[in-house]
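Quick setup: one chain, the form predicted alone, written in structure tokens, and binding and motion questions come after.
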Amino acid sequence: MTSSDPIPSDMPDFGIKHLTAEDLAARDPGWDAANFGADTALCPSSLDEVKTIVEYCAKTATPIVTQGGRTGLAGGAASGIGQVVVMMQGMNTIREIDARTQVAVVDAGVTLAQLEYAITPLGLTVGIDLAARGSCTIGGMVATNAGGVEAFRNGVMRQRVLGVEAVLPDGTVLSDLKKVIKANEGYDVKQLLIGSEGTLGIITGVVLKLEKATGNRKTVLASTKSAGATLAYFNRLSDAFGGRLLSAEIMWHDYFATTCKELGIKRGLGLTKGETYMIADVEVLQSDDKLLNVLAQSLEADEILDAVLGKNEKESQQIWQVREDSFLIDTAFPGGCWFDISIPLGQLDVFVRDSTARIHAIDPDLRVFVMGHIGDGNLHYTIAKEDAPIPHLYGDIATALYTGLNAIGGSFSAEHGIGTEKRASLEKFADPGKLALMRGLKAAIDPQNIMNPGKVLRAQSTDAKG
């Protein structure tokens, strides 16, 4: 059957919680209204139930769209009539935590916040953090190879995962729940599933490498005259604190000023105006004045223009709101377009300047809001126009933004995945050999194309999105 055909009327209930279109209409679809375009959803609570669902769908060629916390931003969880949504929130058991070896084994539906809450008393942390921590699931984070604010020191999910359990498109269970770093046993199949966005199977269990929890944090916000100056300041902090530099985020002025305004924060927290701003969290020891010394050195070296320290938890949270409440840009300028790219660190100033000029060549009234992760060069762009939605410009803006990325060794998709939003860009900008290999793997593992069809690799030859 095709994704436009109705679900077979004789579909059994499997004894599994079943949601109809009416049930779905009453639920929050997450960050994409298209997530609940399907007319039915199943909510398994065990590996056996997922296997039962997949075996039936394989037999009837029924397409499956697997959903975690529905916090993705690339259309990877969108569904349609004739497809079965498989919601993984019911598989939310933390199977094992070994504090001695710093390893956790969890169901795919466990949320990031749920796991963090469970391991904090043990002096551990997941080692990856996202603004959507309260709703994003571990399985979804693996399927999208999530990154976040700690990736520059702990890696993305691809580096955090030791083992996976998954149900493949024919119903076969892959159980590769390794708890060790070294397992050189031929092809590393789990790496195919990490970042596959549900197109090669349903991830049901994950083994994660944990990290030791950090101690007392200090949050500092600094204004700088350029991204190059910000990078020099970041490097100074990194040299001084090493692994105790916990996070570092960069914001360009238009983003910073707009979110401050939307949050009701006056005069940019009192900072001297800069072209860019950086938020950093560092772990400080009792009576440790190293941070103040580093700030003084950075001021002297003209790396920063001004800085403000969060004196308490409330002030630190307010500083972080400016970065994490990124959807305030969409509130102020609805109908914009979002992009997620990676830039080699030495190219930040030039690339932002040149890409902004290319975008303004499309329409000089377009607003360009930029922020991201300074430690790994991952930038998030929001392009918008006052009182004028611009989805029709997505393709033109994408081309303007992605121009030159391959030449400098960057990426047009850093941490949000391909989904449906970036399929055309994948075809246009990805290496042809890589793209051909991806198509071959998809055809070999999912010959019926029932696993999240049309995501990452388009199912049809025509598509209007970029």
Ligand SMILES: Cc1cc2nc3c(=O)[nH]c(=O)nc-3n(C[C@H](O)[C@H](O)[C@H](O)COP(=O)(O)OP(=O)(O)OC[C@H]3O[C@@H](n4cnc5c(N)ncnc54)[C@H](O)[C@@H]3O)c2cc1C
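Owing to the predicted nature of the structure, the values given are computational and were not obtained by experimental measurement. For every residue, the number given is its place in the sequence shown, counted from 1.
What comes next is about the form predicted in complex with the named molecule, which does not appear here.
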For this session: Decide yes or no: are 126, 283 and 316 jointly within 4.5 Å of the named molecule in the predicted complex, with each residue judged by its heavy atoms?
Result: no
Exercise. Would residue 73 count as a contact of the named molecule in the predicted complex, using a 4.5 angstroms cut-off between non-hydrogen atoms?
Worked result: yes
Problem set entry | Contact test in the predicted complex: residue 144 vs the named molecule, heavy atoms, 4.5 Å | yes
Exercise. Is residue 377 close to the named molecule in the predicted complex, meaning a heavy atom pair under 4.5 Å apart or at it?
Worked result: no
For this session: Report yes if any heavy atom of residue 51 sits within 4.5 Å of a heavy atom of the named molecule in the predicted complex; otherwise report no.
Result: no
For this session: Specify the contacting stretch among 251-259, 223-231, 126-134, 359-367, defined as having any heavy atom within 4.5 Å of the named molecule in the predicted complex.
Result: 126-134
Seminar exercise, completed: Partner-free chain; cross-checking the named molecule in the predicted complex, the single residue of 373, 209, 244, 190 with a heavy atom within 4.5 Å is 373
Seminar exercise, completed: Answer key: of 343, 278, 164, 108, within 4.5 Å of the named molecule in the predicted complex (heavy atoms) is 108
Seminar exercise, completed: Looking in the predicted complex, the residues of 148-175 with a heavy atom no more than 4.5 Å from the named molecule, listed in order, are 148
